[in-house]
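To begin, one chain is listed below as structure tokens, in the form predicted on its own.
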């Protein structure tokens, strides 16, 4: 026992001399998990994208961009994800701003706003079909009131996917914006109010600049969620037409054509586009405001 204890003490001293904290070893299992399930598949996919059967190392990329039908999925996905992210962030700001304070029913209202998180994509799609479908409540009500003569097409097209992404993405945007707003010191606005600043001036000159980093981060996260859309585009969209997003193109290449290098190339393109948008948003944030959020958020 004494020998074992001495060995442990010696090992501890050697690690300390090299500046290694033994507690860092606890990160080992988590690091192994990340490497196995994320890092290795990521680099494996990148390598696979440069190994097509024909066309050279960039053959899979040329095949994707040379086909207008495949290339168009990129525009379709951006046309869905960017407006959805903007709407979710824009709608979250006034609601979260009002809900910073205490008022009766705040917990109930917060619960209602975040309930879509628990529903999932499939239940959300089913609800949209039952409510906005050709025989859904919305169309039946309008037709019974003689507002319209035939059902309005709001599912199995662009709008069906758009509504689904808004419903599933808004709770995340709302909770993030609320946390950032809660971290802004309210005494700053009170001080401005005592100096005669109105509500609009306080929001534009104090709250919005302090909130800008949080808005940029929230937009990036909601954009990535929307850009990777797949189930909604199939369930309430037109997967072979106007809502054929890039993730469907990747799935089609991998599991219908069994062209894994092309599917990997499409996945790499998805990642690069997301990185470009995120870099642009974070660059805009750094130009708008370079300080901290000024609070606990």
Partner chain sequence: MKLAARPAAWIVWGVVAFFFINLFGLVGSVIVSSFGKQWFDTWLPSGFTGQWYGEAWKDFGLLPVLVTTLEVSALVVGISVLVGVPASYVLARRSFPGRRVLYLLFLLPILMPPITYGIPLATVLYKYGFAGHMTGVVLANLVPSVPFVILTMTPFIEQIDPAIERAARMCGAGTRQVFVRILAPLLVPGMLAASILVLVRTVGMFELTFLTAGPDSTTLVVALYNSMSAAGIRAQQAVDAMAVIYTGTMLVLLVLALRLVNPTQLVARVKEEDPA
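Numbering follows the first chain given and starts at 1. Keep in mind the model is a prediction, meaning the values are calculated, not measured.
A second form of this protein, the form predicted together with its partner chain, is not displayed here; the remarks below concern that form.
Although the partner is absent here, residue 245 is not a contact residue: none of its heavy atoms lies within 4.5 angstroms of its partner chain in the predicted bound form. At a distance threshold of 4.5 angstroms between non-hydrogen atoms, residue 129 is in contact with its partner chain in the predicted bound form. Taking the partner from the other structure, its partner chain in the predicted bound form has no heavy atom within 4.5 Å of any heavy atom of residue 60.
None of the heavy atoms of residue 159 is located within 4.5 Å of its partner chain in the predicted bound form.
Contact annotation for the candidate site: 37, 122 and 175 all lie close to its partner chain in the predicted bound form (heavy atom within 4.5 Å). Contact residues in stretch 72-104 (any heavy atom within 4.5 Å of its partner chain, taken in the predicted bound form) are 94, 95, 98, 99, 103.
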